[in-house]
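Shown next as structure tokens: one chain only, the form predicted on its own.
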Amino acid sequence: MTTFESISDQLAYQAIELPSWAFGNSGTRFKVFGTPGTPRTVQEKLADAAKVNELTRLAPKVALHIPWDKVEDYGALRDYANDLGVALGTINSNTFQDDIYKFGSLTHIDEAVRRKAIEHHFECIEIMNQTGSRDLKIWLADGTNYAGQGDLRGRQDRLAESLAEIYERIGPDQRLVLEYKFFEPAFYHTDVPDWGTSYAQCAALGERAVVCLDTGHHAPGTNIEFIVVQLLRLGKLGSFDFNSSYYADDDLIVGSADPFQLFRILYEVVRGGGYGPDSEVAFMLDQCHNVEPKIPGQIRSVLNVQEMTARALLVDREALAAAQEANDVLGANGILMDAFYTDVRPALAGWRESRGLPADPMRAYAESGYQQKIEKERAGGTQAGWGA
């Protein structure tokens, strides 16, 4: 039987990047809602992210989205983040909001449009050089709505050519991380719709091209942990974008829709060597809070990941392997379920206190006065929001 005491030291390895855009205003496809205290600048986003890390010690990096987080001096922004106790992490490109990308970006039939998209990624790489970021993450909205609208094979060929040019520009210690998404905004086909397409493109590029798995980017019922297993086997799982969805890309708090799924994913991450000081797999949240408060939403998410990681570490892997080898169906399932049903929250509260952290970060934030402070200080100005 694995005990919490035997796995507690491993919890210190956990690091989850926060997305800068999670602290801005978001909403549904019909309305973006404003809230008091929302950041007006990327510096204020970083301050909010630093507050999450201060209370949890789980979020030492902040991912940026370009051009949403564009500044004149990225070295100064890096220093500002460091002074707050966080570092700048993944740089996310954006080729889905300019009018010129209506019919695609890196896959567009017009070479001039593809050139603009490639040059944007070159700009992102230069930003990485200034911020010290390792990963350039690419998510494409490219696709078509109707059969016959585009040459499916031709679009893949153009994607491969565009990615190869971008890959050639990244540094020896940097990575190109290619995300995939089942559908939306294109509905007939998406140019990178699944892990297999992302893997095929990355494998052709080289060892520094890896796949990003967004947990909300799959068809309902998809066995996501199986995808995790395959990508870890192949050495191509680069990062996670953690969130939850009921139907599609809902960007809900991770673990809120299906906690057992999150547990199963994290068990395979732990079992496959994707967790710990020697792992290259990056954990990141990707959320746009629609109705919930921004900072508590991020705190809740990182705590959910921590809780399910603890449960995954509690699986008695020796006993499970023995049951599996004996074809003990119910015994094997019971070992997994015993770990999942273990209430680790009291032990985690004690673990935090032993490290000088609040036992309940959610309550600590509510009692800190930080929310009231930013609501007062950030009155006026233009609030940051999705797409800005």
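One-based numbering along the sequence shown. No experiment lies behind these values; they were computed from the predicted model shown.
What comes next is about the form predicted together with a small molecule, which does not appear here.
In the predicted complex, the small molecule sits within 4.5 Å of a heavy atom belonging to residue 251. When contacts are judged by a 4.5 Å heavy atom cut-off, residue 365 does not count as touching the small molecule in the predicted complex. Using a 4.5 angstroms threshold between heavy atoms, residue 139 counts as touching the small molecule in the predicted complex.
Taking the partner from elsewhere, residue 241 is found to have a heavy atom lying within 4.5 Å of the small molecule in the predicted complex. Heavy atoms within 4.5 Å of the small molecule in the predicted complex map, among the stretches 309-317, 145-153, 174-182, 256-264, onto 174-182 alone.
Only one of the listed residues (217, 289, 108, 121) places a non-hydrogen atom within 4.5 angstroms of the small molecule in the predicted complex, and that residue is 217.
With the partner omitted from this view, the residue of 226, 246, 187, 96 that lies near the small molecule in the predicted complex is 96 [heavy atom within 4.5 Å].
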